[in-house]
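Okay, so here's just one chain, in structure tokens, the form predicted on its own.
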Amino acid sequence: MSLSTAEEQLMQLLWKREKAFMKDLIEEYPDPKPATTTIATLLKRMQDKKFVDYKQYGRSREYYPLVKKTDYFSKHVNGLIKNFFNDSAGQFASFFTRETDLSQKELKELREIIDSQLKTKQS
């Protein structure tokens, strides 16, 4: 299950804050701020999808994420590799390094990350 663009934007705010009341989330948006009903609808849909939950304090709800940002991102990257690169991390890496404007320093950093992962996997 994935999030819509609007839900993902709201989820980013919740990941950043870790827990928040609806008014706090609305304050994080740039002007013009979305309507309270819009945020309430998004939060309800995200709760139905099991991405967020809340604690009730009187009439207020404090929302918190049920899904970690890294887990969500990892699922999307793996889906991208599977759907657009024939389930080949090599094709993805080739595309990524050719089609992005990475500096020589950034490419060396990527190589160091890969070398480090190779050493970890050999152990």
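Quick note: we count residues from 1 along the sequence shown, nothing fancier. By rigid core we mean the largest C-alpha set that fits within 1.5 Å across both forms. Since we're looking at a predicted model, the values are computed, not measured.
A second form of this protein, the form predicted in complex with another copy of the chain, is not displayed here; the remarks below concern that form.
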{"item": "Another copy of the chain in the predicted bound form reached by all of Y29, K44 and Q47, non-hydrogen atom within 4.5 Å", "value": "no"}
{"item": "4.5 Å heavy atom contact, M22 to another copy of the chain in the predicted bound form", "value": "no"}
{"item": "Interface membership of F95, another copy of the chain in the predicted bound form, 4.5 Å heavy atom rule", "value": "yes"}
{"item": "Contact label in the predicted bound form: T70 to another copy of the chain, heavy atom within 4.5 Å", "value": "yes"}
{"item": "Another copy of the chain contact in the predicted bound form: S60, any heavy atom under 4.5 Å", "value": "no"}
{"item": "Those residues of 92 to 111 which, in the predicted bound form, come within 4.5 Å of another copy of the chain by heavy atom", "value": "F92, A93, S94, F95, F96, T97, R98, T100, D101, L102, Q104, E106, L107, K108, L110, R111"}
{"item": "After fitting the core, L107 CA displacement of 2 Å or more between this form and the one not shown", "value": "yes"}
